[in-house]
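Just one chain is shown here, as structure tokens, and it is the form predicted on its own.
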Amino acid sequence: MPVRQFDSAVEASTTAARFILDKLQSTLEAKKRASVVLAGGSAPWHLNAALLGFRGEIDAGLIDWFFGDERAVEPESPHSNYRMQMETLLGPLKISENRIHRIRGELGAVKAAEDYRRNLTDFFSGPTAFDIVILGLGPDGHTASLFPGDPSLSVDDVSVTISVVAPLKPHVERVTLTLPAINTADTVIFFTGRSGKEAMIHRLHSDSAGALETAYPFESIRPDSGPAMWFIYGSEA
């Protein structure tokens, strides 16, 4: 499994951003368009800053931007992944509204999931097939809003579902891409800090051959196109 580790967030972000830009350039050359799924949480702040540093190298207006998950909150909420990405990446890149495909959490989780599902079906004119999916990692092994023990982990017939177990504050329902929607992506990237997630990262290394029984949601991310790429920052204790 391709795992790259860095002492600093800056070094990890720069390397990951370069990797993403290279993937986008090859995709745009082949298809003249590209689709990217953005992550929530705090780690993307570092990655987004690095991506902005490369803004002159690619036409971001040819890229459609999606979200891996969202809380059932208003878009202006400080807990909104959409708000965070608008402030740290999409706004500074001046991406046009029609290229941003947000999850409308203000509708409530059930209706927002249905709305986003229709959006994806219309965009892809069939099964969901993202070019790049960027994910984070939680201390409990969750990724997107796929939490341990949540029924969403078993959903395999649609691209979007709701998550009801989410143990993190605020305790609201969430909307998330399903495992099949993520695993059909051409490229999947995990970007995460090490702090607080040492047990998960140790398990990642222990399962380098993919032989361990799947116990945590991140271990079910096994893209059809090949292993996910990991960028991890922070010194080992």
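Sequential numbering from 1, following the sequence displayed. These numbers come from a predicted model, not from an experiment.
Beyond what is shown, the protein has a form predicted in complex with ligand 6PG; the following relates to that form.
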Fill in the blank from the handout: Exactly one listed stretch (57 to 65, 177 to 185, 36 to 44, 22 to 30) reaches within 4.5 angstroms of ligand 6PG in the predicted complex by non-hydrogen atoms, and it is 36 to 44
Handout entry: Exercise: Leu137 in contact with ligand 6PG in the predicted complex, heavy atom 4.5 Å
Key = yes
Exercise for the section: Although ligand 6PG is absent from this view, report whether Arg102 comes within 4.5 Å of it in the predicted complex, heavy atoms only. Expected result: no
Problem - Thr161: touches ligand 6PG in the predicted complex, heavy atom cutoff 4.5 angstroms - result: no
Problem - Touches ligand 6PG in the predicted complex: Ser152 (any heavy atom, 4.5 Å) - result: no
Exercise for the section: Give, in sequence order, every residue of 47 to 83 that has a heavy atom within 4.5 Å of ligand 6PG in the predicted complex, or say none if there are no such residues. Expected result: Asp69, Arg71, Asn81
